[in-house]
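Here's a solo chain for you in structure tokens, the form predicted on its own.
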């Protein structure tokens, strides 16, 4: 799966969880500072990512994912459903 497709699918998840328009979810955006995603919403997003891509994200790792690009990289490195 291409990085662009991963971004589109992550943007749809973010839209479903917090209602942000999908075009606002860009690789260079900071999840908290730019997109105003709080920690509870981030947990919901990561649960949806786990369900969709088979990516387990321990709490200590989730806390380090500060940008959209970091989440995409995490999915690419750890997916069990063959997104690479």
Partner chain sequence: MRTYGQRRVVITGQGVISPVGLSVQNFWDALLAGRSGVGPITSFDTTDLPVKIAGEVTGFDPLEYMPRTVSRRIDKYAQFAVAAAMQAIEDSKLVIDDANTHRVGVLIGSGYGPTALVQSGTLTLDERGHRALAPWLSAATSIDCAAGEIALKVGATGPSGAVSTACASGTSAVGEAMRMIQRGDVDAVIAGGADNSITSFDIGSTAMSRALSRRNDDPQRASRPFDKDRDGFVMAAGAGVLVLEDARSAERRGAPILAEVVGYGATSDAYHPTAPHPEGLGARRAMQLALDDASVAASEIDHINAHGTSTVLNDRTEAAAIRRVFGDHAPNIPITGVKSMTGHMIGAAGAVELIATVQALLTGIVPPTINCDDPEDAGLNFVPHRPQEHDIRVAMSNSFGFAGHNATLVVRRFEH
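Numbering follows the first chain given and starts at 1. Every value quoted in this text rests on a predicted model; they were computed, and no experiment measured them.
A second form of this protein, the form predicted in complex with its partner chain, is not displayed here; the remarks below concern that form.
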Closest heavy atom of residue 16 to its partner chain in the model of the complex, within 4.5 Å or not? yes
Taking heavy atoms only, is residue 43 within 4.5 angstroms of its partner chain in the model of the complex? yes
Flag residue 33 as yes or no: does it have a non-hydrogen atom within 4.5 angstroms of any non-hydrogen atom of its partner chain in the model of the complex? no
Hey, in the model of the complex, is residue 27 touching its partner chain, heavy atoms inside 4.5 Å? no
Go through 44-64 residue by residue and record those having a heavy atom within 4.5 Å of its partner chain in the model of the complex; state none if no residue qualifies. 44, 47, 50, 51
